[in-house]
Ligand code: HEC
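We begin with a single chain expressed as structure tokens, specifically the form predicted alone.
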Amino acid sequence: MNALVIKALAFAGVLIVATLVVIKQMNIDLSDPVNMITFIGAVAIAVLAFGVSAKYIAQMKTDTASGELAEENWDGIGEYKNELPGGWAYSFLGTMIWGMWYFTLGYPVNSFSQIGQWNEEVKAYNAKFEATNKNADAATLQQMGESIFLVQCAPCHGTTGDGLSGKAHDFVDGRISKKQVLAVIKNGSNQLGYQMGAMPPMMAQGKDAEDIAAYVAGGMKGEQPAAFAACASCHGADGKGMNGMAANIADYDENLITHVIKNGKKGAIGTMPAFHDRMTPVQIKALATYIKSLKGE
């Protein structure tokens, strides 16, 4: 081993010792798999970088080109048909094998994850929030719900909840429009996750559909159309959803609001996303309390 290689390896050793000193001063825990993998990787890089560099620098000083030249050349510059240096080839292969191990087994299984830490902190905070506001009064819920509404709902439903002049659902009016009822009758519904299951499309057609839509949109007042019997089988004769087993089409109540928030809903200006993983039960209750207040309840 020549002097240049020895000096390079010695310098790599100094870097490794310096790294250990820094680790000790910063109280880095090497029992953590990620920290240990990082340290080992740093040692390997230092040794390989300086050792291999020194070896080939020294070799370039003494070696002469030899072997069979390839026929192709560029401006008189050709290349030899020599095999790759064994050290380079094995290092490259080792790096590829290590990389596949790292991305399939090494890192995901035994690693610190910022996303995982964030999720754990959010989960802990939500649990604390739920416990603190478990018995919140109506005024607190309404105030909380208003803040949520202005951030999550107002972009589509408007800051006053009027649905941006009919473009989205109007909470101030508190009723679904005849057009919306006809759309549900025509296309069915299987998104809100009620126990009664999917509402099939085309439950009524023609005049029957028109009569049902007018009756439901009008607040279910006056004489009930005979065709409403198809709706009553799931929603009940009063339209209130059979104690939460189906959607309440007589009133925009908390149960219906909760199902829409958790599962999303197709609307006139696009599909409302599901918020089931972005709101706690207390926040959903607060939002429902505020939405109901928009129509004066």
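Keep in mind that what you see is a predicted model, and the values were worked out from it rather than measured. One rule holds for the numbers: they count along the sequence shown, beginning at 1.
One more form of this protein should be noted, the form predicted together with this ligand, which is absent from this view; the next part is about it.
The contact residue chosen from K207, K134, K128, K167 relative to this ligand in the predicted complex is K167, the criterion being a non-hydrogen atom within 4.5 angstroms. Note on contacts: among A58, A230, V47, I28, the single residue with a heavy atom within 4.5 Å of this ligand in the predicted complex is A230. Contact annotation: this ligand lies within 4.5 Å of heavy atoms from the stretch 241-249 in the predicted complex, the single such stretch among 241-249, 49-57, 36-44, 65-73. For K262, no non-hydrogen atom is located within 4.5 Å of this ligand in the predicted complex, even though that partner is not displayed. In the predicted complex, N119 stays away from this ligand, with no heavy atom inside 4.5 Å.
Proximity of G87 to this ligand in the predicted complex: non-hydrogen atoms within 4.5 Å are absent; the residue sits far from the partner.
When this ligand is considered in the predicted complex, L15 lies well away from it, no heavy atom lying within 4.5 Å. Residues Q180, V181, V184, I185, S189, N190, Q191, L192, G193, Y194, M196, G197, A198 are the ones in 178-198 with at least one heavy atom within 4.5 Å of this ligand in the predicted complex, listed in sequence order.
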